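One chain comes next, on its own, written as C-alpha cells: the form predicted alone.
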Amino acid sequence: MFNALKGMLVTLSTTLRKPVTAQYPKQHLPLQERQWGFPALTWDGEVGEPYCVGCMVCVRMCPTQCMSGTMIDNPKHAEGESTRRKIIGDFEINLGRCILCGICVEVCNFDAIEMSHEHEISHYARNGRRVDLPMLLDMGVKYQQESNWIPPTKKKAAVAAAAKAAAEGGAPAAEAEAGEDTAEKESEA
C-alpha cells in the first residue's frame, strides 16, 4: 500500500514540472558549437573561388565512398589572380551514405572541407540527398559566417607572426610562458 502511494507521488511530481521534450518539427533546440553536420566546402572570399583544388584525397579516404569529383585547370591562375593551378570542377556528396565520420576534414591538406552545422536535409526521393558543388559551397559559406571561420592563410600568418614576435623577443614562446608561470608562483609566495 505504501509503495503504491509512493509511486503516485512520483507521478504527481512529474506532472507539475515543465516539459523536457521539444516538439521537434515545430520547435528547434539550439545546436551546440561542437555539433557536427554534413560536410561542406569552404569559399575563399579574397580570390572568389573555393579552397578545394580537387586533389581527391577526401574521395579516396572516405570509408563509404559517398563522394565524387573532378579537377579542372583554374582559369584565374592563368590570369594571375590565384595561386591555385587546379580547382574543383564538379563535386558531389551522397548525404544518405555519409556517416559524418569527419575523415574527409582530417585528410584535407587545404582546409577546403569542414563539417558544417547543417543536419536537416531530407527528401522523399531516393537520390534526393545528393548534394552538388553549388549547394556544398552555399552550405560552406553559411557555416563560415555562423562560426567565424578563419581561413587557413590567415591562421598560418598569425602563427608565423607569433613565432616571429617570440623570436625577436629573445626567448622562444615556450620559455616565455614558463617564465610567466614562475613569476606568478613567486608573486603568490
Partner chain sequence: MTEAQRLESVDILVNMGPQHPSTHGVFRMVLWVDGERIVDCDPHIGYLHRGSEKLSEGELYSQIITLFDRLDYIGNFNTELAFVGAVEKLMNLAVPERAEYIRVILCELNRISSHMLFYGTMGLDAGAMTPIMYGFRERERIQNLFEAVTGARMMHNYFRIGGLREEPPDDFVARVRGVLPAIEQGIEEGDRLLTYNEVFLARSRGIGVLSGQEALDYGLTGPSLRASGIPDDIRAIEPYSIYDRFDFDIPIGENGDTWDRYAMRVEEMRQSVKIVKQALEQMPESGPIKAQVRGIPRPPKGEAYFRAENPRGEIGVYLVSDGGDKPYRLKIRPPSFANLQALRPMLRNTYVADAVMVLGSLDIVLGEVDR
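What we label the rigid core is the largest C-alpha set whose atoms superpose within 1.5 Å from one form to the other. Positions refer to the first chain, counted from 1. Computed from a prediction, not measured in an experiment: that's the story for all the values here.
There is also a form predicted together with the partner chain; it is not shown, and the following applies to it.
Which residue, Ser122, Gln35, Asn127, Thr153, has a heavy atom that falls within 4.5 Å of the partner chain in the predicted bound form?
Filtering the options by heavy-atom distance leaves Gln35.
Can you check whether Met67 is within 4.5 Å of the partner chain in the predicted bound form, heavy atom basis?
No, Met67 sits far enough from the partner chain in the predicted bound form that none of its heavy atoms falls within 4.5 Å.
Could you confirm whether Gln23 comes within 4.5 Å of the partner chain in the predicted bound form, counting heavy atoms only?
Gln23: no, not in contact with the partner chain in the predicted bound form.
Heavy atoms within 4.5 Å of the partner chain in the predicted bound form: does Cys62 have any?
The answer is yes: Cys62 has a heavy atom within 4.5 Å of the partner chain.
Hey, in the predicted bound form, does Ala78 get a heavy atom within 4.5 angstroms of the partner chain?
No.
If contact means any heavy atom within 4.5 Å, which of 38 to 46, 131 to 139, 144 to 152, 53 to 61 contacts the partner chain in the predicted bound form?
Within 4.5 Å of the partner lies stretch 53 to 61.
In sequence order, which positions of 3 to 21 have a non-hydrogen atom within 4.5 Å of the partner chain in the predicted bound form?
Contacting residues: Asn3, Ala4, Lys6, Gly7, Val10, Thr11, Thr14, Arg17, Val20.
Please determine whether the C-alpha atom of Arg60 is displaced by 2 Å or more between the shown form and the other one following superposition on the rigid core.
Comparing forms between the shown form and the other one, the Arg60 CA shifts below 2 Å.
Once the core is aligned, does Leu31 move its Cα by at least 2 Å between the shown form and the other one?
Where the cores coincide, Leu31 shows only a C-alpha shift between the shown form and the other one that is less than 2 Å.
Quick one: core overlaid, is Gly69 moving 2 Å or more at the Cα between the shown form and the other one?
The answer is no; the displacement is under 2 Å.
Relative to the form shown here, do the C-alpha atoms of Trp36 and Pro152 sit closer together or farther apart in the predicted bound form, given a change of 3 Å or more?
Relative to the shown form, the pair is closer.
Given that the CA-CA distance for Ala78 and Pro152 shifts by 3 Å or more in the predicted bound form, does it become closer or farther?
Note: Cα gap between Ala78 and Pro152 widens in the predicted bound form.
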